[in-house]
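One chain comes next, on its own, written as structure tokens: the form predicted alone.
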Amino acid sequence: MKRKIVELKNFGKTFGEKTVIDNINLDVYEGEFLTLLGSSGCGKTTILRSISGLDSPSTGTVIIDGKDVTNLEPMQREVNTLFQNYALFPLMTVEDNIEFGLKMKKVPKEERQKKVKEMLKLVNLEGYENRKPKELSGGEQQRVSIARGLINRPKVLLLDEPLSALDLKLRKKMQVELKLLQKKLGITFIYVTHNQDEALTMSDRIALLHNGKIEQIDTPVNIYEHPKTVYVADFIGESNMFDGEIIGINGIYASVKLALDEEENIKVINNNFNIGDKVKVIVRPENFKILKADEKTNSIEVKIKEYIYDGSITNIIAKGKNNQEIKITVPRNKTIVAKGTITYIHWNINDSIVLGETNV
């Protein structure tokens, strides 16, 4: 098992009477890219600031590489932080900005210059040494910030929504570059974002926060395909949620009557359900197939209301018999059913996510 590089034990943070983080435990492993994901106010930046030493927990301890650093100053911790505004010194050159941390540590000039040169090559900024931040694009400024954060080879790099100021195309490019850079250097990254696409694209694991608690911590694949709560399923990606009731059990399968269409019963995997249990049946839009007729198990009648072209895919909005809106995603070259058509949609049994009341 990999070595724990950051540990939060019984960590809590309050501001006055408001509890922001409620007694969580979190382990981050050496060389891992962990993302703290959640909506504004969920506490993710509070956790980051407490790891960096810019803030202190109200309860619990912060451990970095086996050492309790809860009461140590930021300079006494082997971490660096990248902020969303880059925090570059405007009057310094690129070279001076990158080597600033080495100067503070009184590293000899020859060694500083060697390391700066290595960093410039690493972030593809060779030849930019004498430029000022105002002469750089947003992506180039971000690369300078990354180089400055990495040049001391910290045990942990903390990133507080560092790509939020970039346009979509550049943000996508930087996501890939950051991930490749992290794997190349083997440095532990703890990344804060509210953007689910960033989290799914870049992370080894995602810790999804909600109301001061970790709702689920898992790989991107498991977070998306096997959410443990309705909140996780709803937060990550698009979801269609149907209320239902277990009306039959047959070995590994269970039958569900959907409130959406009480004339049709669907089949799901039996996850220790009992007859009468209220459940949420969740289906991702891309898992639906449009049928000409009710030909298969797990098909329901819908009316096509609208479709929205989105490049490689087409998003279809349909309505169920009870007028519940249903989202369907199909490839762009798929034949589109005309608006106003009454048709059927089908999904495979294994594509249903079924959660009981205790997972709401």
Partner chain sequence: MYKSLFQKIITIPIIIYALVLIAMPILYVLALSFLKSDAYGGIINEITLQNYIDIFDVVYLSVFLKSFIIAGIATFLCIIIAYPFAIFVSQKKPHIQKIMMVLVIAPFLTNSLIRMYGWIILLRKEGIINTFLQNIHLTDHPLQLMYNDLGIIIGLVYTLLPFMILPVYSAVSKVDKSILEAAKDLGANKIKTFTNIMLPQTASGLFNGSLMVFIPAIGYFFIVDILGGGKLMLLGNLIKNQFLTARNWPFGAAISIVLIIITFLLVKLYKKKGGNMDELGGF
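Numbering follows the first chain given and starts at 1. Just so you know, these numbers come straight off a predicted model, no measurement behind them.
This next part talks about the form predicted together with the partner chain, which is not shown.
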Review point. Can residue 308 be called a contact residue for the partner chain in the predicted complex at 4.5 Å between heavy atoms?
Key: no
Self-check item: in the predicted complex, residue 143 touching the partner chain (heavy atom, 4.5 Å)
Solution: no
- Query: residue 88: heavy atom within 4.5 Å of the partner chain in the predicted complex?
  - Reply: yes
Taking heavy atoms and a 4.5 Å cut-off, does residue 104 contact the partner chain in the predicted complex? yes
The partner chain in the predicted complex has a heavy atom of only one listed residue within 4.5 Å, and of 74, 127, 186, 248 that residue is 74
In this chain shown alone, the residue from 79, 202, 232, 281 with a heavy atom within 4.5 Å of the partner chain in the predicted complex is 79
Which of 285-293, 257-265, 146-154, 109-117 lies within 4.5 Å of the partner chain in the predicted complex, heavy atoms considered? The stretch 146-154
